[in-house]
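Shown below, as structure tokens, is a lone chain in the form predicted on its own; questions about how it binds or moves come after it.
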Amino acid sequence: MRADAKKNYEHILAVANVVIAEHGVDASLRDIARRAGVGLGTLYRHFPTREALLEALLRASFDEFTTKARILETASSPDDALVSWLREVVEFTSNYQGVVDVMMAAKEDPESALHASCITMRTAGTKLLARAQAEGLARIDMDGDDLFSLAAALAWLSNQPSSAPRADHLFSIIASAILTNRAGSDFRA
């Protein structure tokens, strides 16, 4: 990629991050291009679809969650590792209104630009869950898909005006339901 094209790409992503955080995943692509100071054609050359833009925007963070899971596998107790990773995923996904719907759809659609990133992130969480299950610290009747769905549900609830003030409490309830050895009050941020 030419230096000016790379600069445009990175600038569009930075602006898209701000606009999507403000207006959600359905933010106007025209507004993103305008605020980035580029034409709509330039935006579409870099990101032919909204999903391609979201994939580029979210991929780095999803990769960080995968890396974080690998570190937590050896650096923390299995239950603390699982809860820490889950909390970070929920907090991140709740920052982008509407991203939960996109992630849940992408997880099921192998043709989706976000599919691979979502599967990689789900796999990272699954490993943390399996480690906690192997130690007898997490319920054994759930799997990585359940964990991914619970993270999505918690993030969605965080974006609902009536639930947002209780988001931490709701997280604690879910975390204590996943783990076999801790009460909900152990998970407050």
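Whichever C-alpha set is largest while still superposing within 1.5 Å between the two forms counts as the rigid core. Start at 1 with the first residue shown and count on from there. Owing to the predicted nature of the structure, the values given are computational and were not obtained by experimental measurement.
Another form exists, predicted together with the DNA; not displayed. Remarks below refer to it.
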If the criterion is a non-hydrogen atom within 4.5 angstroms, does every one of 59, 110 and 120 touch the DNA in the predicted complex?
no
One residue of 153, 52, 140, 40 in contact with the DNA, assessed in the predicted complex (non-hydrogen atom, 4.5 angstroms)
40
Among 28 to 36, 121 to 129, 66 to 74, 143 to 151, the stretch whose residues bring a heavy atom within 4.5 Å of the DNA in the predicted complex is 28 to 36
Which residues in 43 to 68 have a heavy atom within 4.5 Å of the DNA in the predicted complex?
44, 45, 46, 50
Look at residue 23 and decide if its Cα position differs by 2 Å or more between this form and the one not shown after superposing on the rigid core.
no
Using the core for the fit, does the CA position of residue 11 change by 2 Å or more between this form and the one not shown?
yes
Could you check whether the CA atom of residue 33 moves 2 Å or more between this form and the one not shown, using the rigid core for the fit?
yes
